[in-house]
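Next up: just one chain, as structure tokens, the form predicted alone.
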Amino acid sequence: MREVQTKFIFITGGVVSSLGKGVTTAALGRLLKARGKKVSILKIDPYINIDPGTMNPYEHGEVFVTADGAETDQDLGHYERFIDEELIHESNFTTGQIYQSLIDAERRGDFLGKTVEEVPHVTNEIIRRIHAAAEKTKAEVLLVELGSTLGDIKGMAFLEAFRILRHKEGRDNCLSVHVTLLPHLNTTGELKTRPAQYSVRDLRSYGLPTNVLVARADKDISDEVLDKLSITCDIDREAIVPMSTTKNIYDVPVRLEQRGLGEYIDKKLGLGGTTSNLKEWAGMVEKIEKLKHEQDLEIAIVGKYVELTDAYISVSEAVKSAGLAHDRGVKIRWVNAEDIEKEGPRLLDGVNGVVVPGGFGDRGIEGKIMTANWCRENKVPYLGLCLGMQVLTIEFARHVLGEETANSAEFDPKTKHPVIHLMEAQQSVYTKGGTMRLGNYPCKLIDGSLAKEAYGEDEIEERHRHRYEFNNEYREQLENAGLRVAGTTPDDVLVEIVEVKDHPFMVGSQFHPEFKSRPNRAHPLFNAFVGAAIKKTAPSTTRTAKKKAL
């Protein structure tokens, strides 16, 4: 029995993918939280993978890690940034998890020899997991986003589960939101509504009437088009919400509220007629818009998946949020680490600071090491995240400590100087999925460090996702050479943060601070990094070369 009578909002997408369904879901969450409701969000991914943890970022984008150590869809990052609530393992599940759970149960004999079928067994497991998310988060309103596009075979069981859940919970306790595309034809200059009509009709055929229709388009949507959608789709006119493309995703809750959607949902779900308080959020949006025209601070993000910037979405959002905290507009320069290997660090000319984010594998590693070297020698602010911290350590060991073959055992298992090595707890781990050091772990900060100054606390908790760690056999040597260990686990065993002493800001964290950044509350490390970048105009490689020549 749930302690709270949860209301459920099901969000589906139609016509095409990549409509911004995740942002719409996150925005709805912010809308309801602004009305004083306890909100949580669940993302369903209908693929066979157990989770995105082993998927190539080009396939899936960023892997977001929750505080309790789940490797999840990147949309959970949007959710956390919008509703400012920590999500949990139960906030994301996949078809793979459903099937694995049922197959394991069948092998144990839990079904007593019965035939296991899509209905009722798969649908019951889906409903069980939705209820688990509601119970664990104690949500008054749980938003449930279904990935993929209506009509995909992989989504059918989930739609049936929504229908059953709606029947069991009562229609007054459930709401269906459908996000769909209005294509624009240049030849006629029209936005076409027929695909949206078909999409709503198909959803109805699954037993799910559309209560709210979010109409997406790259053009402004006229009242005439909205009236037509209301009539042809049989949806209340006030529940047809136009949403033209915006470059500022944080503006979406404000636009939805202005369209009266918050009040409509409140009324339909019987939430008590609460009033909205989006004043602070709207002020943040206004500030973002103002700073867009003043992007005089340029930060480079050096990675190997930069062609798909979603692979580093939490990192780029954390950088921008820190800029916002300093009243500065930030321009992101995306730099491929492999291009630095070919062309040298001249690709970083003129940037005010550099972030090297997390990753796996040896592709582009030497380019990242060259980046760390350039930042250290030119006193350019550097923030290394997970792998970026390990790269900092390798570079320092090679060029300051003088161990030219220093490396990570991940990239060179035979290296004579493995300044980064496999964690002891990982020595007997052979499976890949969900087996890393994941989630929140404590870290004690060292007095006199930049990290301690940034956080203003003695001990912190941050989210991790790694197998390799700083090798303590080299700790004394590296510290004597000028590398400060600024944070460790409380037992002083695992190095969590390193800093270069003779540098304005060269900091690497083994954890991922980007996951805890919020648009209206910058993360302390990113805040300190951007503060240092504001004070520094980076030299170009050309100027550095001339200086050496003299």
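Note that residue numbering follows the sequence shown and begins at 1. On a predicted model such as this, the values are computed, not experimentally measured, just so you know.
This protein has a second form, the form predicted together with a small molecule, left out of what is shown; the following refers to that one.
### Query
Exactly one of Glu257, Glu410, Glu125, Glu403 has a non-hydrogen atom within 4.5 Å of the small molecule in the predicted bound form; which residue is it?
Contact with the small molecule in the predicted bound form is made by Glu410 alone.
### Task
Would you kindly say which of Gly439, Pro242, Pro345, Gly358 lies with a heavy atom within 4.5 Å of the small molecule in the predicted bound form?
Comparing distances to the small molecule in the predicted bound form, the residue within 4.5 Å is Gly358.
### Task
Evaluate Lys516 for contact with the small molecule in the predicted bound form, applying a 4.5 angstroms cut-off between non-hydrogen atoms, and reply yes or no.
No - in the predicted bound form, heavy atoms of Lys516 and the small molecule never come within 4.5 Å of each other.
### Query
in the predicted bound form, does Arg166 have a heavy atom within 4.5 Å of the small molecule?
It does not: once the small molecule is placed as it appears in the predicted bound form, Arg166 has no heavy atom within 4.5 Å of it.
### is_contact(Lys320, the small molecule) in the predicted bound form, heavy atom dist at most 4.5 Å
Output for Lys320 is no: heavy atoms all beyond 4.5 Å of the small molecule.
### Task
May I ask you to check whether His121 falls inside a 4.5 Å heavy atom distance of the small molecule in the predicted bound form?
Contact check for His121: no, nothing within 4.5 Å of the small molecule in the predicted bound form.
### Query
Taking the partner as it appears in the predicted bound form, which of 288 to 296, 150 to 158, 382 to 390, 170 to 178 has residues with heavy atoms within 4.5 Å of the small molecule?
Among the candidates, contact is made by 382 to 390.
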